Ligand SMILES: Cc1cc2nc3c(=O)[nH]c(=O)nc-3n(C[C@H](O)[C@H](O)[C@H](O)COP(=O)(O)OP(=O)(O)OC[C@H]3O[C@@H](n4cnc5c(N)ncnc54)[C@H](O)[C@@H]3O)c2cc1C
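A single chain, nothing else alongside it, follows as structure tokens in the form predicted on its own.
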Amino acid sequence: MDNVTRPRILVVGAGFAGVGCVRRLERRLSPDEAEITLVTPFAYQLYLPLLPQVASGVLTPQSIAVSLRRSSKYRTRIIPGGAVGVDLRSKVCVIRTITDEIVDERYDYIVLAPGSITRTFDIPGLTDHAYGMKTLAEAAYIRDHVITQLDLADASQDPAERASRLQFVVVGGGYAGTETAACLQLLTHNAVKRYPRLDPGLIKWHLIDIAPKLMPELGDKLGRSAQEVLRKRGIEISLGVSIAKAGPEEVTFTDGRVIPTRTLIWTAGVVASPLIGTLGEETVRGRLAVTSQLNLPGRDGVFALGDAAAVPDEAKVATGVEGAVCPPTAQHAMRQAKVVADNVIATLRGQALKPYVHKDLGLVVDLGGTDAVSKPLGIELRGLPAQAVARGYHWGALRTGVAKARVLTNWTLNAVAGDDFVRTGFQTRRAAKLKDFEYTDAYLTPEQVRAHVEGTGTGSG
């Protein structure tokens, strides 16, 4: 077949779900069976679970950004940009390229894996004053910011300013928030030794969450173990509490406390990419409602997975949990990718689709240093054994040998030599907050998508 007649498979998103799908399609489809295109603003797959270690300086940013262009066998066309709308009737994806052009990409089959964005609430000052932890740039920026607070506190002659710069607030008691607070607290604990004028007792970390438990998925025993590790380090944990309002120099908690701080890190969950809202289809808490075969009912050739899709969790449904959907985790995204790829190929070849069924293999939480808790296959571990399992799992999940070598080298060097606490100083003159990293205003409404497609003549009528 030539390029004109080959079916066109369009994959949106280069996270665990999108990249896993593309790789499997490449391996299992011959070049003349289909043309594969991937839409992503960045030509790398970000290994999100290790972001806290980038923020704390244990890993370099490059080590967890796995290049999509490295493999010589890579035959997928990459469109550098972001999908801002999809017209399912016309089979057209509207893309805003990195040069800010709007282009239309036709497809025969589309795999929607746009991932998620940080979940925020209508809290006064939140997006203007909080920092996120969802992108590589945010993790690198937060490291710079935290070290800058130590530098500025050291230089300040004002005791009140010094104290406020040395207080840090993390909102979100899930994996991301807990690991972020744990890793960054170690960073400041170790860094302050290089600042003889600063009183280490002034450094205070707060971890808060509106839920009654920290990481409830761990269970009571491991959850308590994680809390005990953090409290021994001096991290103040407040549960049943959230943010009432945020300002440039203080944060007000819902229990009335006012914390003087220049650092508010928001990790209170995620929501599906706004791209899903452009489809005009049924959603479950913002995630696209799909079948257990990961396809969209009533729409030919439309598949969705990962954080942006409400995939029925058949393993839980089988135990009597009605309406259960898979949580937005890397573990599910990687395994859904294989099923989606196989089902796209099955559709191409006129074969039967198979459902996604996967029982969670367990949980790993790296608290920095030699501290960790994990629950592989239901076995509860703490300390060094848990740390070995956590790092072993992450290391094994990295897709390329180069990425594995970089991460292992970083871990070894950090364990042996520690950190130099150097900040790059990028964006020093301009603060970059939560609202600056996720371009949520770039997406179209379903009506705008349809009007655009019809206006450019790419619709089917």
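Throughout, we count residues from 1 along the sequence that is shown. Everything numeric here is computed off the predicted structure, so don't read it as measured data.
The discussion below concerns the form predicted in complex with the named molecule, not included here.
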Residue-level contact is defined here as any heavy atom of the residue lying within 4.5 Å of the named molecule in the model of the complex; does residue 435 satisfy this criterion? no
Verify the contact flag for residue 82: yes if a non-hydrogen atom of it lies within 4.5 Å of a non-hydrogen atom of the named molecule in the model of the complex, no if not. yes
Would residue 54 count as a contact of the named molecule in the model of the complex, using a 4.5 angstroms cut-off between non-hydrogen atoms? no
With the partner left out here, check for me: in the model of the complex, does some heavy atom of residue 312 sit within 4.5 Å of the named molecule? no
Heavy atoms within 4.5 Å of the named molecule in the model of the complex: which stretch among 396-404, 42-50, 22-30, 411-419? 42-50
Among 91, 143, 375, 134, which has at least one heavy atom within 4.5 Å of the named molecule in the model of the complex? 134
Please pick, from 265, 326, 214, 364, the one residue with any non-hydrogen atom lying within 4.5 angstroms of the named molecule in the model of the complex. 364
Using the arrangement in the model of the complex, list in sequence order the residues of 322-343 with any heavy atom within 4.5 angstroms of the named molecule. 328, 329, 330, 331, 333
